[in-house]
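Take a look at this single chain in structure tokens; it is the form predicted on its own.
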Amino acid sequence: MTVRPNRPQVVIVGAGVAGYQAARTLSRTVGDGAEIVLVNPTGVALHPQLLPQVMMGVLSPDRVSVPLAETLPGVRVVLGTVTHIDAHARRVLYDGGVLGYDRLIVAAGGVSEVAQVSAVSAHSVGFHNVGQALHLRDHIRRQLSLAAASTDPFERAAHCTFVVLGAGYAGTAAASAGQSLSQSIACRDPRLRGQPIRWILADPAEWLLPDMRHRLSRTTARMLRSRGVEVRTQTSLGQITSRGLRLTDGEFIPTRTIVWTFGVRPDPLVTNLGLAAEQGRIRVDEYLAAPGHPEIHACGDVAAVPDLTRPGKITPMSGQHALRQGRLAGGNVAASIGYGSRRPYQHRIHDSIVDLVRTSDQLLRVA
């Protein structure tokens, strides 16, 4: 392959869903017409939408992690953590050096605050990465085992009660998959015959999946309730104790499991860029470009992307949006250096969460 002289350098920060798709699209579109550099702390990308299958044991962890170097031909993968982006000097500083850029795609993703909650309650479990999904699976098995061995009705009930706080995609997926897994385990243990197993999904919003269409929310809530999940909207955490938690509706729930899916926020890297921000995310136009800095694009959890299907709103932080925004960012950056034409971002969330709720039991049966 002949490398073109004076090729523009495109740096992509982050290899989450959005960053990986941006790199893949850009490489396929421009070929050797640009030098593409992807900076990420690890050499793999994660498919977070598959975490429920990992938790249920349907997929092994290696099936949801993609090696970057082997799957992104034409992309130079740099292992490192980005510490600062100098938008005026067009430089990316990371713990291994400095990279200049002609185009920049910021796709650093979000960070979870579940560690802070775990310091408050030993019962807190996250659901944002493979490690947490595996931990939650083992935790559910352990709680049901403890319940089966106990003769104390209060302790049995507490071990068999699981509370999920946050009814976005992650929380709804955790409640759906967790309920299927716990029922499957209990059915194989005669000591748990007749023992109620409660899954409670609570969120302060008026409906599930609050950033998505009401029809999707209503369908998901109906399906979860039909399977025994207690859906509590307009309800949040009031108090955590060593024996359980109290919700803001006043009910105290004895439990040994609090699945915390709140607290995901954009990577703090984006707070000191000197770029316009909204809700802690980089403000971009419908083409995912930062106003005043057409050389910078942002996508995924760090980007405040206008939702053209809901005027005045921005798209929620979700895997589906991240995937499609990453592809579009790669395509629009390619267009900015002469390959194709740019397009605005316009996408309606599909019913993937409904599909997950519908197929959880089927996945377990074939596992």
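Note that residue numbering follows the sequence shown and begins at 1. Because the structure is a prediction, the values reported are computed rather than measured.
Quick note: we don't show the form predicted in complex with a small molecule, though the next part is all about it.
| Are all three of Ser145, Ser150 and Gly228 close to the small molecule in the predicted complex, meaning a heavy atom of each within 4.5 Å? | Checked in the predicted complex: no contact with the small molecule for any of the three.
| said: At 4.5 Å between heavy atoms, is Thr248 in contact with the small molecule in the predicted complex? | reply: Close contact is absent here: in the predicted complex, Thr248 is far from the small molecule, nothing within 4.5 Å, heavy atoms only.
| request: Find out whether any non-hydrogen atom of Phe262 is located within 4.5 angstroms of the small molecule in the predicted complex, and reply yes or no. | output: No, no contact at 4.5 Å.
| 4.5 Å heavy atom contact, Ala322 to the small molecule in the predicted complex | Although the small molecule is absent here, Ala322 would touch it in the predicted complex, with heavy atoms inside 4.5 Å.
| So in the predicted complex, does Leu201 come within 4.5 Å of the small molecule, heavy atom to heavy atom? | Flag for Leu201 set to no.
| Heavy atoms within 4.5 Å of the small molecule in the predicted complex: which stretch among 305-313, 39-47, 336-344, 26-34? | Answer to the contact question: 39-47.
| said: Give me the residue from Val164, Ile105, Ala170, Val125 that has a heavy atom within 4.5 Å of the small molecule in the predicted complex. | reply: When the small molecule is considered in the predicted complex, the option within 4.5 Å is Ala170.
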